[in-house]
Each structure stands twice: as C-alpha cells, then as structure tokens.
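Form predicted alone, single chain, as structure tokens, below.
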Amino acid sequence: MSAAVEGEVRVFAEYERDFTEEADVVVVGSGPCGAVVAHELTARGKRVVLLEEGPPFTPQDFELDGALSMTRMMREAGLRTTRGTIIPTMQTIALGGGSLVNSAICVRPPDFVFEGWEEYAELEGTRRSDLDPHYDAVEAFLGIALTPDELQGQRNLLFRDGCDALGIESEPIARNVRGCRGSGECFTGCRARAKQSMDISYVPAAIKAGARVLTSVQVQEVLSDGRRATGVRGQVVEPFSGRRSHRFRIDAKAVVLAAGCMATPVLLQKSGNLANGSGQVGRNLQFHPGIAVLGIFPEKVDPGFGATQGYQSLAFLREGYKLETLWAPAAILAVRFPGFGHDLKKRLAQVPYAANWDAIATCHRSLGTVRARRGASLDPILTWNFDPEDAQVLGGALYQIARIFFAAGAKTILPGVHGVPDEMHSLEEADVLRTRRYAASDFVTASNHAFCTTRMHGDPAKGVVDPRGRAHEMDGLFLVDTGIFPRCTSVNPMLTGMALAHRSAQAVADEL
C-alpha cells in the first residue's frame, strides 16, 4: 500500500500491510473536538493526519432498531457502565464520533459556569467572554440555529406550553442541523443527513484542505522522546469485530489527543503513565446524570414526529439541573416501563399519546475514575459514586417535570423511580417526588456527558493541561476533548468542547 495521499480518507479494506506516515500534527479521534482541530490546522497549511478507530457510516448503514444500532456504533456494544454506582454511558466508535448519534444540541453555558471554572481550577482567560469568539466561529461553520416551531412536533410544544402556564422560562434548542425534517431519528443516525455531524461537516472540510483521514485504526501508544511527544502507534482494527491486523506508526511534531474523556486517559496510562506527574490522569470523572419522566396525554401526541430534542429550560441551572425534551426509539424507552406481559403491552399502546421529558444534573460531588485494564484491551475500568446530596437534586428535577406535565394537560405520568407509585394522576400525588429522601439506587439514570479525567488547571501539580489544552509536562502534546473540563458545563457539552478545541488549534499551530 502506498503512503496516504493528502485529502484522502482511508477505510479498512484498503490496508494491506504495516505502514508509517509523517505529519506536522497527528490528531487522535474524529469526534467534535478532534474534527475541529484537524480542520483548523489544515486551514493554516499544516500537514495533518486524523485517526479514527471506527469506520465511516452512511445512511444505508444506520439501523432504526435501537439495540442493533447501539451494538454497531457504540463501544462495548452500548453496554458500558461504571462500577460503584452503576450508570450506563455510551461512547460512539465511528467517523465523527458522538456527533452521529447525539441530538445536535448546541448550548453556550452561562457566565457563572466559567466563573466557577476559573475559581475552582485557578485559571485565567477562560471566562465566557474569552470563549465567545470561538463559539461564534463554530456556530457559523455548522449553521447552528434555534429549532423552528414547524419542526418541534407536539411533544416538544407541550413542554413549552406547560412552562408558559407556570411562568417558567423555556426556549427552543439551538442545533447543528440544516434541512431537518423532524424525523426524530437522531439517536440512531440522521438518515436525511440534516444533522451536521462531523463526518459531513468538519472532517470533509479538513480533507478538502489536505488532511489525511485514516479510519479503522486503533492508537495504542503515544510515542515520546524525553519530554517531547513524537507520534503515535497502533494497529488496524476490523469494524464491528475489533480484530487487529496491520501495525502503523505516525511520526509528528505535535500529538493532539481527542479520543474522549475515557479513551484519552487510558491511552496516557498505557503509554507509560505519560503527562501524569500531577496524578490527575484518570481522576475526577464527572457525569451529567439524567432522569426522564413519561407523560400520557388524553389526545394523540404522535411523538414520532419532531426534533429529537427541541425545547429546553435553563431556569433551574443554579439549582443544579437543566430540563429538556427527549425522544428515542420506543424499544429503548420501553426498558423503563413498569410491568410485564399484557401490562407492558398496554403501556406500549400508550406510546402515541406520550411525551418524554428529562433533566440532566450538575453533580460536582459525585466523582469517579478511569483506569486502564491489564493486557491489550483499551476498554476502561470505570468507577463512579453518586453522592447522596447530588441524588436529591434529581428529586427536585423530577418534581418540576411533573409540574410541567400536569400544567400542559397530561392525565398520567410515569416517574420511573423506585419507591414511589408507578403512575401518578395529579400534582398532589406527585408531591412525594419533592419531599422524598432519595437513595442513589432509586433512579434509572444514565449519562453520555462525561468530563474532567484529564482536567485543565492553572497549577501543574493539580491538573494535566493548561487552558489551551497544552500538557503541563510534555512538549508537543495537546488534549482537546471533554476530559480537560475542570468541572462539568451544566448544559450539553459538545459546543463548549468544540469552542475550546477551536482555541487550542491556534496554540498547536504556534508551537510548530
């Protein structure tokens, strides 16, 4: 096989033997953060190799069956969970990363989130006003805009109506879409290709500018010479089976790790505990634990139509949670339905009358770790503990969702919480959601927002990177995924990760 050509994307079937490449910069991970860096550096005339362990997906590859989709597109077949408090968490293995299967939500956190970051992590230059130019650039590139009413669908507009009735501020969600049809298929991949996932936005732009994109390649080690990163090496892996074959090495002047909050610390640990003099690599794991309530309305809602997540309320961010609408394939939603047999069938028959609204919580007290396994596996050992006080925050969110449902006209809600009735028919019945003292195990929760495992910090003894993503202890090594957040964002993190990556790209270019 000849060397990769500038402006090329290479797939599994094209690897015939071991190979070596050279570049100015090698970027590991093609999700939102890595794709932005790759594009920005190629636009500056740098020779970039972008590496992705997963394959490219086309609309013909997307599976509407939620279970089958997760098996094909998620690491550990979508069954990755933590030890300690069990919380499922999904990470995508595909060109474009999580942008293929998320709901395209793009939200700028409010000022107080960044003020908290600066105080907590002794940072400078990381206020919202410092990042606004980078948010602007990303939003302009992706065409991010508020979801219009005609694409909301009834289940999203009912959330708006309930908030309005209670005087709670709400707003349509800004998303990275162009030509959305409201098909509600974000979770399994947008067959209309309206969602501006990285594989059809930033990655093609990088390729057009000369980036070499290699898919189905698993990076297993960051190479270094003294305190300078010099490249990466690994093996080609077969899509879906993970079978390893040919070996490769990429020599580069700078290494950018954007493999994700869980894979990046594992890669550093597997590389001789690289850049970890602070001892913070793999520590401080945070999530946005999420809970959802299903509401049943007297009239059909037809939840299959509408933006997957089209409306939100930021009114309770300071209390520790964000409210939003949500939809997913019925088979996925059904895992939290109570009952079996005929009872379960009756519940499923109510789906056309249902809406599903959720909350994500800010849980600074609930922390965990990411550790590498012994042997060749790169799947992490995750441990996380849900602090009892953080669990009470979710109780408050449940009650507010119940209020909004009944204000919008729901006749029944299914809170999906252990220790309370399966169904509630009035706000009076739902009052227990507000007053109950919860245990962490009471909730059916999950989170795909993960942070802080290679956190930025102004003091090199307390963090892994500086605010530009530059490793404190290694020259030529940059980290740009959500692992560098010092704390969670309290809102959906993709846009903030991309804005930080946009800023880091200039720092990488300056160092070459």
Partner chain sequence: MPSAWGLSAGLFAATLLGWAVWRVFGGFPHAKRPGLVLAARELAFLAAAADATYPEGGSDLPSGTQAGIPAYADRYVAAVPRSVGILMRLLFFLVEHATLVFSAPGRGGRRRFSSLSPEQQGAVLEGWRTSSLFPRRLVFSSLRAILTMGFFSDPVVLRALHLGAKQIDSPIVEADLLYPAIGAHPRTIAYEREDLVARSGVPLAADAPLHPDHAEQMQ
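Residue numbers count along the first chain shown, from 1. This is a predicted model, so every value here is computed, not measured.
Another form, the form predicted together with the partner chain, is not on view; read the next lines as being about it.
The chain is drawn here without the partner chain; in the predicted complex, the stretch among 397-405, 342-350, 113-121, 135-143 whose residues come within 4.5 Å of it by any heavy atom is 342-350. Using a 4.5 angstroms limit between non-hydrogen atoms, V9 touches the partner chain in the predicted complex. Taking non-hydrogen atoms only, D199 approaches the partner chain to within 4.5 angstroms in the predicted complex. Taking non-hydrogen atoms only, C180 approaches the partner chain to within 4.5 angstroms in the predicted complex.
Among residues of the shown chain, D18 is not one whose heavy atoms approach the partner chain to within 4.5 Å in the predicted complex. Using a 4.5 angstroms heavy atom cutoff to the partner chain in the predicted complex, all of L68, D302 and D422 count as contacting. Among A209, L294, L151, L157, the residue placing a heavy atom within 4.5 Å of the partner chain in the predicted complex is L151.
Taking A165, A334, I381, L317 one by one, only a single residue has any non-hydrogen atom within 4.5 Å of the partner chain in the predicted complex, and it is A334. In sequence order, P55, P56, F57, T58, P59, Q60, D61, E63, L64, D65, A67, L68, T71 are the residues of 41-73 having a heavy atom within 4.5 Å of the partner chain in the predicted complex; the partner itself is omitted from this view.
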